[in-house]
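Next comes just one chain, in structure tokens: the form predicted on its own.
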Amino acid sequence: MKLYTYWRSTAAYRVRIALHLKGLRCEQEPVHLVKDGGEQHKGEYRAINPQGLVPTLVDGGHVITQSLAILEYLEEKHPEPALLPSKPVERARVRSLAQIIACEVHPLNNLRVLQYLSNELDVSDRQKTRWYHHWLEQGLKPLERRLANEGRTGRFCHGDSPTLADVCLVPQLYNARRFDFPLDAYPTLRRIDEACRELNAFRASAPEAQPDAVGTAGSN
């Protein structure tokens, strides 16, 4: 398998975590999202992923895009250790928690949106930070409420083993800290994040642990 990735990409971070949790070996192919206008826009990469986004997983000649689709693919092809519970209602809960982050929060705060705000709408850095913080709050407040009050929350988002929800949560909180978003009001999220980051799989997947992080600067 080969993963086209970028060290600070939130979506690629998710996939790296899942690969490490499942103990899967995967070659990493860095795609720098900032250098020279962004390598994701070059024809060579667009031929692989027409959207020009990361991550992209290539497995046995099959090209899979979109992080949630990749996570589901890995879960179906390599079901152990499981990142989804066995019962349908519990699987739905985990997917719901993951999608709050991956479908509601992250799309409004990713690199191309922030670049559009700056480059096309002439939004100031202060206004852009307000935008970022607003949409984080809109997603994290109900997520905190659910995880704090629902009995199926355990050491992790669902029970006492990592699931796809945790795989999505940790990268989003990493980015929240990068953009100086205060997390004091989210004790449950912080507790779960700390439990995750104690695991080797999460540490090995962290942006600063990636080979393309050395000597680079850029955004998510």
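Every value quoted in this text rests on a predicted model; they were computed, and no experiment measured them. Residue indices: 1-based, along the sequence shown.
We do not show the form predicted in complex with another copy of the chain, though everything after this point is about it.
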In the predicted complex, the residue from 64, 26, 183, 34 that sits within 4.5 Å of another copy of the chain by heavy atoms: 64
Another copy of the chain in the predicted complex reached by all of 169, 189 and 203, non-hydrogen atom within 4.5 Å: no
Another copy of the chain contact at residue 148 in the predicted complex, heavy atom, 4.5 Å: no
Any non-hydrogen atom of residue 53 within 4.5 angstroms of another copy of the chain in the predicted complex: yes
4.5 Å heavy atom contact, residue 46 and another copy of the chain in the predicted complex: yes
4.5 angstroms heavy atom contact with another copy of the chain in the predicted complex for residue 142: yes
Heavy atom contacts to another copy of the chain in the predicted complex at 4.5 Å, residues of 64 to 87 in sequence order: 64, 65, 66, 68, 69, 72, 73, 76, 77
